[in-house]
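Below you'll find only one chain, the form predicted on its own, shown as structure tokens.
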């Protein structure tokens, strides 16, 4: 096993709060262990184009609190080709880079696994996505911040809903997973929560809203994950309810990409710091093709392929709590 003298770090795929804190952690862990560090701009595309910069402990001053990523992020069609990956490998070797830390989601990890198999290049993954849909960790970087952003927005929307006796459908991110919707919905006291994992159905939704009205609720909040299948989209869902429940004045609010931005929470900053240090230590110890994750508040590792292929199950206990809270 060759000695790791220089480690590259990059962010790939969708940005998430905490990525900068993770970059900072990787860079400073490298400095602590007297290992050179290089930042790759724009993920795999930057690797193909040789868009890299040396990073020192002082290079990452004052970024722990910033959202987004100072290394930028992009999705690369070129990296999906053998020619693109060959060019990326040649650039890494030309810059004497021995190992790579990839901060991103399952698409980024998939690229890393393929690259590792083709070139036996040491790679460690740090899960960075607000959706929290990576297997092998209870929390991905940015998830906690996105939750707090969503809850804060829903709290503000409730003020308007109560003032005007309105029903609001609030769409949050989560194309394939309902973790944000379920947790934000419970935290913000939503009357109903619609997620991809549970098909509530239009009839049951109508009955639930009628029940809320009979119970004396003059306004309601329904949190909808963007991947929910109850309606083809949240606007069609709102139209259907308004047509069938004359008592309700219905509005739609799509939170969208505001959930990805903003200052990372303390939880995400600390988690990023722990994950970055662990990623560097694993590479120095000769480990590869692993993802660092959080389990039982301990930093653990899981095979990258398992992290990609596995599936995080929705919290059934929290679903039960949600049902009770909407009584």
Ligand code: ATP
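Numbering follows the first chain given and starts at 1. Predicted, not measured: the structure shown is a model, and the values here were computed from it.
Separately, the form predicted in complex with this ligand exists; it is not shown, and the next lines address it.
Candidate site formed by 12, 80 and 110: every one of these residues places a non-hydrogen atom within 4.5 angstroms of this ligand in the model of the complex. Interface membership of residue 75, defined by any non-hydrogen atom within 4.5 Å of this ligand in the model of the complex, is confirmed. With a 4.5 Å cutoff on heavy atoms, residue 145 does not count as touching this ligand in the model of the complex; it lies far away. Proximity of residue 127 to this ligand in the model of the complex falls outside the 4.5 Å heavy atom cutoff. In the model of the complex, this ligand sits beyond 4.5 Å of every heavy atom of residue 174. Heavy atoms within 4.5 Å of this ligand in the model of the complex are found in exactly one of 99-107, 154-162, 179-187, 202-210, that being 99-107.
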